[in-house]
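The chain below stands alone and is given in structure tokens; this is the form predicted alone.
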């Protein structure tokens, strides 16, 4: 089987030497730094699940490309059943990790490139698709983790790309020769790339005549010469750095979503890893196909898993406090479930209504309207779920003392007494559940959910482009027998 063990995955990272900075310091080893280690653990779990008899139907599948079983996160959907399994995997990994599975953006990038390289070859006579398939076969055979990189810094939004004083605010090809291309610029808000094996780089947006040097897509090792990662650092990062024990944290093993800016300083990419170069009318096809696939993932699958964690913590707190019969809390929990199931329904609808795109390519993509609706719906739904959870959790979510006080002989007995709510549950458990809910309701997840896979306006713009009202108009015309 083309499946790595979790131990082999961790061992494989020792051979990589990415250049990483966090909190003003060089990160010498992603396996040892407490914050980067969370990304390692999240990706590592995906390798364990693919080999686990309980989860292998979700986390692995057969690939005809290499005639072997592969990790689902290296697969391109070839049917609506594949898309449904993709949706199920998104929910499963999110609820098990309580944070990102950092292979999902690369997974979604595979769909966009498999589809669009096939179309470019058909329309233009290029030879991108066979190169991409060979690359994907290599990824599957070696069971590599591939991170995706889409978002760019960009210049003023009221100016065209060619009018920006700094031309490298969008990733740009600066040279090409018989061996490959050289790129310069940056990608931002990229999740977990430095603890993967490969980066899949896609265009940020549509490109136009004169912008051929920006119309590029390629794959590169994460530690290629000229690549530097500048990582996020937040109060939650500092808390993890300073914790005496990870058990004090809201998500001890997997932490928060970890992102970075990736700097490309004259990075060389050989031609066999270049999948789009200058064919600017196809940049928007790569972007839109990636977007609808990732919006199904973000909107209808992974946030459903996150909601399961939030609902579970809220229900436990209700029970700890003896509020099982409180009508308003029962109503709040029910509303959270309705919001969760609405998100799940949108994601499943996007999957089951998916189609082969383009016809003949063998690549199945989610339904465009439902893919965008699933993400648009979840933006507001997730804020609402966090608000409801915050109300159930109460002020303790932001005023609770450190769990370390349970080991402080001067106050231990008081903390045990006054934070137990008179419950039989150990006070430590009660505090840990509150800490987990604090991680969701007072952390960075709200804005991340709002903007991940594109902010609300991005989905609205796409929906305005693709909605066709002819069916609805004709219904009325036929009902009224209009001439």
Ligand SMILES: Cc1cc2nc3c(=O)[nH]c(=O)nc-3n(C[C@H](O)[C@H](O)[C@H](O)COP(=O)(O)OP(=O)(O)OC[C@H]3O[C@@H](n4cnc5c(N)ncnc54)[C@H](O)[C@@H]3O)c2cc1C
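Since the structure is predicted, the reported quantities are computational estimates derived from the model, not experimental observations. Positions refer to the first chain, counted from 1.
Another form exists, predicted in complex with the ligand; not displayed. Remarks below refer to it.
Asker: Decide whether residue 190 counts as a contact residue for the ligand in the model of the complex under a heavy atom distance cut-off of 4.5 Å.
Answerer: Looking in the model of the complex, residue contacts with the ligand include residue 190, since a heavy atom lies within 4.5 Å.
Asker: Can any non-hydrogen atom of residue 257 be found within 4.5 angstroms of the ligand in the model of the complex?
Answerer: So residue 257 counts as contacting the ligand.
Asker: Using 4.5 Å between non-hydrogen atoms, is residue 354 touching the ligand in the model of the complex?
Answerer: Heavy-atom contact with the ligand at 4.5 Å: absent for residue 354.
Asker: With a cut-off of 4.5 Å between heavy atoms, is residue 448 one of the residues that contacts the ligand in the model of the complex?
Answerer: Residue 448: yes, in contact with the ligand in the model of the complex.
Asker: Pick from 452-460, 26-34, 53-61, 411-419: which stretch has a heavy atom within 4.5 Å of the ligand in the model of the complex?
Answerer: Stretch 452-460 is the one.
Asker: Using heavy atoms only and a 4.5 Å cut-off, determine which of 251, 151, 318, 309 is in contact with the ligand in the model of the complex.
Answerer: The option sitting close enough to the partner is 151.
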